[in-house]
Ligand code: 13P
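Here we start with a single chain on its own, the form predicted on its own, put down as C-alpha cells.
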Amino acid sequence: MRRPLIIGNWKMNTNISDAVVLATVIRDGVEDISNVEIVICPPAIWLTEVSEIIHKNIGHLGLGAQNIHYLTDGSYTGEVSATMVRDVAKYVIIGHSERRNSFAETNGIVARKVAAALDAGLVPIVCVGEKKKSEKSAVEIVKQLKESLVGINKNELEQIVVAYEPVWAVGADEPATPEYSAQIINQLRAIVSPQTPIIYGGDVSSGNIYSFMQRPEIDGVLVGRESLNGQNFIKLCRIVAEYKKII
C-alpha cells in the first residue's frame, strides 16, 4: 500500500520567529498521528532551524526544501545544491508551477534536478500540471511528467513522489474536481511505479479535502496557504490520516 502523504509548502513566507513557532505548533500537534507521513517545506534559510525543532522523536514528520540546483557546487550565487539539503532534509519540491512559470524552468531542467536529488539521497516531489483545462490536458500532463523523468530508471521511480497541481484551479471560481483529478492521476500512474505516491495540490482546504481523500487514486495533498496556519494544517493532517486509515 502506498504511504499517505501531506506536504506543507510555506513558499516565501515566515520570518525566523514565525518559522520557529509554526514548526513547533505542527510538531506538537501531529505527534499522535501515526498512519500518514507529514512533510513541511520552509524557505531554505530556515531549514536548519526547523530541522532542530521537528527532528525530535517524531518519525512520521519530515522536512523538505522548496528547490535545489541540479549541480553539486560551483559559482552559482544564491543557489542551494541537493548535497547541501540532504544534511538537514529528506524531501525536495521540484518543478513547482511557480518555478516553471516565474523562473522559466523547463521539463529538461526539472529532470536534471530530479536526478540530482536522487543521487544525493533525497526524495523528489515532482510537480506537474496544466495551465489551462482542455480536452488535451491529460496528454499534456503525461508528456510533462515523462520529460521530467528522463533518465530515471524503474527502481528510482519508487523513490519519488508526484504532485499533480492544475494551475488553472488555483483561486478559480470552478476548481478541479476530485473526479477530474483522479482521471488525470490514473494517466500518470501508468508512467511511474505502482508504489509511487501521487498527491493533489490546488487550493487544498478543510472544505474540499474530504472529497479528494475519498478517491483511492489520490494518495495525499500538497498544501500551500493553509500550511501557514498551524491549527489548520494539523486539522488537514488529521483528516488525511483518519480517512486513509478507514479505507
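None of the values given here were measured: they were computed from a predicted structure. Counting begins at 1, following the sequence as shown.
Beyond the structure shown, there is the form predicted in complex with this ligand, which is absent from this document and is the topic of what follows.
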| task | Identify, from the list Val123, Ala120, Met84, Val170, the residue with a heavy atom within 4.5 Å of this ligand in the predicted bound form. | result | Val170
| request: Scan Met213, Val204, Val30, Val50 and let me know which has any heavy atom within 4.5 Å of this ligand in the predicted bound form. | output: Val204
| query | in the predicted bound form, does Glu98 have a heavy atom within 4.5 Å of this ligand? | reply | yes
| Does at least one non-hydrogen atom of Lys11 fall within 4.5 angstroms of this ligand in the predicted bound form? | yes
| message | Quick check on Gly224: any heavy atom within 4.5 Å of this ligand in the predicted bound form? | response | yes
| remark: Partner contact check in the predicted bound form: of 185-193, 42-50, 216-224, 61-69, the stretch with a heavy atom within 4.5 Å of this ligand is 216-224
